[in-house]
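Read the single chain below, which is given as structure tokens and is the form predicted on its own.
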């Protein structure tokens, strides 16, 4: 029998995530998946899992889990204290968790999202080829609740000998390269200069759907509204308040506000770890 994890403390928001479900935008289904994909892949590699094995993604306050069998886990992504039955354990490296013990993933000391990988991966039921929780469409498993039991898959083999892993630090300042979007001409030249020169900050209203910003509004050159258009991962949409919103993995697949720019996907992992108040700068790629 494979192990099961009982959720002792679910935290602010803990979801199951893997590499997501790309290729379904025509059905109105966003990609979803781990916001900090490099952190997910590294945690899995340290356990000998497939790099896209499902993990748990926590938000700010971590979570606590009790396995019914011995398991090996890695906690990575946003730095945080890790304990097993109250005793300090390693962050960013494999940790053995005996049956009945509590693995506690504490609040992030920097960044936003920590990742809990377990040897064998999280064995939630796939939907459209992915185990990811999609907060916008409701596909995939529900966010974890206290007392919920999560299944673990069968480990591929022994956990590799631990090595020093290069975990990136969460950004103290978020610098996002941008390429002009399809509706950049809807904004005044002054607004476009402001967009790539002003200092914005991450809004506390950000979530898995989008990173909202606080800062100077962008003035439109064109009045009125667009018919709904297709939206891509990394699109920077500008709603009526004029403040840019960067679409992340649970973004809608269509939208009617103009897209001033697009951030290339490799830059989005840093955005996933940018806490509220982090300075944001958009720079032309």
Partner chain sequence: MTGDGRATHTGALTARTGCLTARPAGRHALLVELPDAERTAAFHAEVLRRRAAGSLPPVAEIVPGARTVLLDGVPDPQALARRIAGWEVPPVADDTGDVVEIPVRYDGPDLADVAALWGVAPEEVGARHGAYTYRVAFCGFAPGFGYLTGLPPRLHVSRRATPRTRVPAGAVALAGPYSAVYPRATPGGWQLIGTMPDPRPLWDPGRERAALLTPGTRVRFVTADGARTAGSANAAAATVGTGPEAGA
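Positions refer to the first chain, counted from 1. Just so we're clear, the structure is a prediction, and the values are computed from it rather than from any experiment.
We do not show the form predicted together with the partner chain, though everything after this point is about it.
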- 4.5 Å heavy atom contact, residue 207 and the partner chain in the predicted bound form: no
- Message: I'd like to know if residue 85 sits close to the partner chain in the predicted bound form, meaning any non-hydrogen atom pair within 4.5 angstroms.
- Response: no
- Item | Close approach of residue 153 to the partner chain in the predicted bound form, 4.5 Å, heavy atom | no
- Query: Does residue 51 reach the partner chain in the predicted bound form, with heavy atoms at most 4.5 Å apart?
  - Reply: no
- Task: Choose from 69 to 77, 96 to 104, 131 to 139, 196 to 204 the stretch whose residues reach within 4.5 Å of the partner chain in the predicted bound form, heavy atoms counted.
- Result: 131 to 139
- Note on the structure: The listed residue (120, 181, 170, 92) that reaches within 4.5 Å of the partner chain in the predicted bound form by any heavy atom is 181
- Task: Tell me, out of 37, 231, 248, 245, which residue has a non-hydrogen atom within 4.5 angstroms of the partner chain in the predicted bound form.
- Result: 231
- Item | Contacts with the partner chain in the predicted bound form, stretch 11 to 28 (heavy atom within 4.5 Å) | 22, 23, 24, 25, 26, 27, 28
